[in-house]
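Only one chain is included here, represented as structure tokens and corresponding to the form predicted alone.
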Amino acid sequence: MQQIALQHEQLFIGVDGGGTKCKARLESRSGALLAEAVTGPANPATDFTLAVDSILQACEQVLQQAGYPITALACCHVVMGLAGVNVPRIHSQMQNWSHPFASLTVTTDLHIACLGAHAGREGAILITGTGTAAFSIVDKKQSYFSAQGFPLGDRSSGAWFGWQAVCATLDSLDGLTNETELTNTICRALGVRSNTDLISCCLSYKATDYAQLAPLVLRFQQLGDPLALDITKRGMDYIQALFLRLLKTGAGRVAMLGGLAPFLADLLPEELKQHLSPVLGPPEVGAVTLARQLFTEKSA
């Protein structure tokens, strides 16, 4: 255990909390990485008690790994980027939590993902994974687009691509359109032979279930399947519209994140590709960088 004068020590923790896991990163005032830890779900909109338990466990673990006592939580300046805190009631609940830290700032998971992607600088991100979200921060003003959830939002996400493939397959089974290699493969993958089979199979499908079919659309798009080409074109029309909307916020660079990002980025027109920026770091790095920035501003 490190022998330190805790009252004089300044430590910084960045937390990335989501529906499946919580990541914490501990750094010194100079920016040196001291420890990282991963614990359970941390979405306060879903389960507040579980979220704060996961967050505390992650913060305690990074301190222990770095050789600090748990009492060092009182020396930690923490920024948390959490799913669900875009809802004002949830944000207020988290910000008013009786936490053990020296300071706490609560923001969204999109905010810290953007800061991480751009190494703490302002910019924009376009996420295309199971869901879709677009976020920018310019002159400290945050803008959000598309993050409304499936099926009302999340267009051009993995869930959307898979959903569109199932819809196209249902049309072919109904005899409204010609079957293609994509629809035949969807039928084989789901073990269905008729429209009623398909409907029964997908009655309880959630976004994650549909997203598992997205790679089939992208594979058959490359092979020239007409339905896959149509789905991908409609998806890219929306991605381009989102990209342009981000640029209108004044963001000079856009980083694309998520499982579909490499494929969709490659399909962008050249005039948009020139605004692409590589992802420089993960969300928890963005969070801990912000924690240090806020402390420096308050100490100035």
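None of these values were measured; they are calculated from a predicted model. Numbers for residues come from their place in the sequence shown, where the first is 1.
What comes next is about the form predicted in complex with a further copy of the same chain, which does not appear here.
Stretch 195-203 is the contacting one of 180-188, 195-203, 89-97, 118-126, since its residues have non-hydrogen atoms within 4.5 Å of a further copy of the same chain in the model of the complex. Contact here is defined as any heavy atom lying within 4.5 Å of a further copy of the same chain in the model of the complex, and by that definition not a single one of Ser156, Gly224 and Lys233 is a contact residue.
A residue is said to contact a partner when one of its heavy atoms sits within 4.5 Å of a partner heavy atom; Phe48 fails this definition for a further copy of the same chain in the model of the complex, lying far away. Although the partner is absent from this view, Leu170 contacts a further copy of the same chain in the model of the complex, with a non-hydrogen atom inside 4.5 angstroms. When a further copy of the same chain is considered in the model of the complex, Tyr238 lines it closely, a heavy atom lying within 4.5 Å.
At the 4.5 Å threshold, heavy atoms of Ser146 reach a further copy of the same chain in the model of the complex. In this stretch, 99-127, not one residue has a heavy atom within 4.5 Å of a further copy of the same chain in the model of the complex; the partner itself is omitted from this view.
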